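This document opens with one chain alone, in structure tokens, the form predicted on its own.
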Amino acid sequence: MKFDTVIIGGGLAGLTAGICLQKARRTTAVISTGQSALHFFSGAFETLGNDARTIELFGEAGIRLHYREGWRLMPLGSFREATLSLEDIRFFEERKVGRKALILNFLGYSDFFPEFIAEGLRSTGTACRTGILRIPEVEVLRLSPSEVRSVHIARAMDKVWEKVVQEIRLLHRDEDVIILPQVFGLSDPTVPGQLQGAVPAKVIFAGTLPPSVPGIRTQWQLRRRYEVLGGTFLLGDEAREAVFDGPVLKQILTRNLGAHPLEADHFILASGSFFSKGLSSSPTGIREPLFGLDVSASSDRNAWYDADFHADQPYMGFGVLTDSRLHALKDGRPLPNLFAAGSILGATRPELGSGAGLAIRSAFAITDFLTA
């Protein structure tokens, strides 16, 4: 199968690149194992400001973003600066949510931490009370503990969110803020807004342990947009082998396609960092496993991590080295038709930002070059 561009990785960088190229009438294929850092997505786009291009691209996929400089509530009751985010993520002008907060969780759901949130908010002067939501559709999930996860609750919530509103009204006293786990709007992105409008207080959705419901929803919407534009999305496949002609990458062989390689004029490596196996570690070092690309990483294992668990961990900055056009480097030389995008870059390109901002900016940079 022959394409203009083959993209390895179906996360934020890969799908953004695929959508941009399809809009430019290029033929593309995305190889996706199914694992993506979007499953950890908080709903905010780090290091991106009021970026009209991103807002337009996401809007075309049915994903509404909003921009406001302020603070967002984190899962353990602390605050982080934020600007561009999904529409249902609330921002605050200061590190305080309000005068009184009611923090609610579903009975038996252990991936959300009301007491930690309450402790953090009390330190900012907010009086906090916690409570339990008893929803029959969630009670059924408790029969299998493995099913009480954010994504399973979210599947039920799209259908029964009005029951949650009724429960909230019973539990609500005089609080001006109600905090709920971020388990709404998995398949229907209008649900969070409808719930916020139906409750007589300001509703805040706080993050849970992964998987991230807004992250999965965002990936689904971007994938749908990519496929509507004519892109080929190979879900559950994995790039296994690369065929080169000198420095030029010619083909990718995948697990599912066997003897039928994917050929392309250009390739984009957007396979992510350690979580999605774009980078791998061993006692002897850090490597990029598919192509053996050059990686920026410390040779001293003791320098890979910080003993302070809450500190930024050095290994998260490790990444594939590239030239100014984001061509990947191998043995110090750029490969002319292989680019690297997203979190596999680590902190090697600080001018492109970090997190979701890095994914989008690097995808834009590569696709602008390919379509110029």
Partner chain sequence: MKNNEFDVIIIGGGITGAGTQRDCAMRGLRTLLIERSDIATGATGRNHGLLHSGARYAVHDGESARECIRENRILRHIAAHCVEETEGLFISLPEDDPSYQQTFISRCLEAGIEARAIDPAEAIRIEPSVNPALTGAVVVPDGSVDPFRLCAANMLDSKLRGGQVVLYTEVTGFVREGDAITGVRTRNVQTGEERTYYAPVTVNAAGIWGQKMADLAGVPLRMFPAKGSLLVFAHRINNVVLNRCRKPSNADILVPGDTVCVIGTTSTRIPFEECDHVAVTPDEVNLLISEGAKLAPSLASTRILRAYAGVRPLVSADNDPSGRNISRGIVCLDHEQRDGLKGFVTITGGKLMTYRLMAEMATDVVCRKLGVERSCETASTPLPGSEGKSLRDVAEKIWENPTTAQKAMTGRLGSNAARLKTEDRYDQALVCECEEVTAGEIESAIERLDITTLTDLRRRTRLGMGTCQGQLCTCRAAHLLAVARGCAQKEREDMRDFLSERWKGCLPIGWGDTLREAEYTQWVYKHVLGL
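For the two forms, the rigid core is made up of the largest set of C-alpha atoms that agree within 1.5 Å on superposition. Bear in mind that the values here come from a model prediction, so they are computed numbers and not experimental data. Numbering follows the first chain given and starts at 1.
Heads up, the form predicted together with its partner chain isn't pictured, but that's what we're talking about next.
Exactly one of Pro261, Gly131, Gly98, Gly120 has a non-hydrogen atom within 4.5 Å of its partner chain in the model of the complex; which residue is it?
-> By the 4.5 Å heavy-atom cutoff, the listed residue in contact is Gly120.
is_contact(Gln219, its partner chain) in the model of the complex, heavy atom dist at most 4.5 Å | Flag for Gln219 set to no.
Report whether the minimum heavy atom distance between Lys163 and its partner chain in the model of the complex is within 4.5 Å.
-> Output for Lys163 is no: heavy atoms all beyond 4.5 Å of its partner chain.
Heavy atoms within 4.5 Å of its partner chain in the model of the complex: does Val248 have any?
-> Outside the cut-off, so no.
Hey, in the model of the complex, is Thr83 touching its partner chain, heavy atoms inside 4.5 Å?
-> No.
Mind telling me which stretch in 322 to 330, 54 to 62, 25 to 33, 303 to 311 gets its heavy atoms within 4.5 Å of its partner chain in the model of the complex?
-> Every other range fails; the passing one is 303 to 311.
Sequence-ordered list of residues in 110 to 125 near its partner chain in the model of the complex, where near means a heavy atom within 4.5 Å | Ser110, Asp111, Phe112, Phe113, Pro114, Glu115, Phe116, Glu119, Gly120 sit within 4.5 Å of the partner.
Flag for Asp323, CA shift 2 Å or larger between the shown form and the other one after aligning core | No, shifts by less than 2 Å.
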